[in-house]
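Heads up, the chain below is alone and in the form predicted alone; it's given as structure tokens.
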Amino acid sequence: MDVSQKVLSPEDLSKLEQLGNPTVLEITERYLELLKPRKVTVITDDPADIRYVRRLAIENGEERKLAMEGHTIHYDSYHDQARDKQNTRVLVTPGMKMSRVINTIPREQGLEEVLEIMDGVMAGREALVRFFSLGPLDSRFAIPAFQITDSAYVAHSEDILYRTGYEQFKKLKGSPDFFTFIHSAGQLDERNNTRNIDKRRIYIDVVGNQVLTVNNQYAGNSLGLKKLALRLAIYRANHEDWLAEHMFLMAARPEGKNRLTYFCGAFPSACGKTSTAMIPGQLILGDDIAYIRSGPGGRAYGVNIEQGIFGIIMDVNPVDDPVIYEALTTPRELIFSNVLIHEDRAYWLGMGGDLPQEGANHFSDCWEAGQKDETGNLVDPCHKNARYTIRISELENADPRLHDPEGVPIEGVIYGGRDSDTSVPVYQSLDWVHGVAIGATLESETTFATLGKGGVRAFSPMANMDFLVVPLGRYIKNHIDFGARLKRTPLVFATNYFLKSEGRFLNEKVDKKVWLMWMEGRIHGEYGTVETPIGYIPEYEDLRSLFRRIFDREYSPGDYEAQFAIRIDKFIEKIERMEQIYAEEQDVPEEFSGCLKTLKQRLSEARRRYGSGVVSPAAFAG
């Protein structure tokens, strides 16, 4: 520990040695020698250590206090506002298989490049050594995580988003079985933003169980425990016997019934994921990442690997998101990022009401309406990807089992996409393999015109495409095999909140609560179904009763007809798109390919039988 003794105080060095973990000491020594910080502080689970991190974020100017108690604001660089897909790469060894859509670089080449960029990058700065747990403490789900960063903002965010892990590392008894994340924001400008954006790198080393990320601050690129850890976990899960998924976890609790029914769900961005997890009256465990394993009784159990939310703040308002809005506008510890600040108060797009015409934002400390950037584009008051970071426990609908080390029993899986012209609002899969196929064929339409065209469909299997570090065929097979090992598989459902007719949405935003309650009732055998070529859809009378009970609103036969007609031609077109995509993938499971073939046959038979590309649900009810 020659280098460490020069930059660590005896107290901090003792904190490392108390772990009794040679691998932690070796990694720390190796990277401190490379990064060359002037000082290193080791943070334990002690509340005094945690408070130090928060103070440091303020003292460094990475965050600034706002008028409301506990609120702070952080700005990322104007050019560092989202995940950087181009510079995020998986390091691969010879012979390692990856899907064609995964951005890769040979491992030796990638390590040489990023380590050269990182050489001396922390000179003159303080590094923080952190320990966390991905998942509840003392749980078979949990994976220990170790991070070195020179950003107190990153470390503060992690204290909100993740469970402390210093004591968990002691329980490793010297084992090297943990994830490692090395991060530096790099050189900073006068706003404490990253300068060298052109040298931004986010390299995922699945062989070394580590992520090396430099010259960035946006949490999706800098917080190792966020999507970067998801990639490492996906690699591990798909070489073992469990699932690491981009999914929410929630508990549905129907009124008048003394039960909780747990769902997990995968939705691509802007398809209703958070709003589903936050449906009024239900309980939330997590909105982003879940680990799922088999458990007692041969059932699936899941945990949220996080304890907080790094959420998109755009359109959070008191009407559509009353619970989150209340939490964001009352005193508590939370970090705003990239919103508009006027007179020390936070403002964001879609919050309701008019926004100030001046203030500090992601572009400037002196922004004014009409201001343009260097390329002549108007600068919005705040970024559309502006965020808030908050603990789930701060929400009034937080599930008490958030930290349960045994996880919660998952009884339903929901897949949702943005689809204007094909799928019905809700349906149930025919079986587990069909459910996997629903997830593996997820698409999401863009919400704006592209080159003169309408919504463009983006392929997003299990809403996890951006984070896959294994071949797509293997990923799907792991899902199929996981269900086959269970004695009681969850029911799988598909939702679509965006069906249109003549440019008009056929559902109201709040209707998702009815679809959720129907799914919950299906799990408990309370509702019948109509079998169609695509799966099981609700019966009209059940939906009519649910709309009356939940919203005191009439649900007409015409509503049912418009929403639940089976658009056969559109479904066949989708299957053919999927067949074309998967034809270019290797080792696609026969069960999956066979399922697509069967679905296409069912749809073709219905078209021959009824002589139409759109068939009324009544045709199948008989």
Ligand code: SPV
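Source: prediction; values computed, not measured. Position 1 is the first residue in the sequence shown; the rest follow in order.
Separately, the form predicted in complex with the ligand exists; it is not shown, and the next lines address it.
Contact check for residue 220: a heavy atom falls within 4.5 Å of the ligand in the predicted bound form. For residue 399, no non-hydrogen atom is located within 4.5 Å of the ligand in the predicted bound form, even though that partner is not displayed. When contacts are judged by a 4.5 Å heavy atom cut-off, residue 511 does not count as touching the ligand in the predicted bound form.
The ligand in the predicted bound form comes within 4.5 Å of no heavy atom belonging to residue 475.
Contact with the ligand in the predicted bound form, judged by any heavy atom within 4.5 Å, is made by just one of 200, 74, 418, 227: 227. For the options 391, 107, 89, 83, the one in contact with the ligand in the predicted bound form, meaning a heavy atom within 4.5 Å, is 83. Every member of the trio 246, 310 and 387 reaches the ligand in the predicted bound form with some non-hydrogen atom inside 4.5 Å. You can rule out all but one of 128-136, 212-220, 501-509, 540-548: in the predicted bound form, only 212-220 has residues with a heavy atom within 4.5 Å of the ligand.
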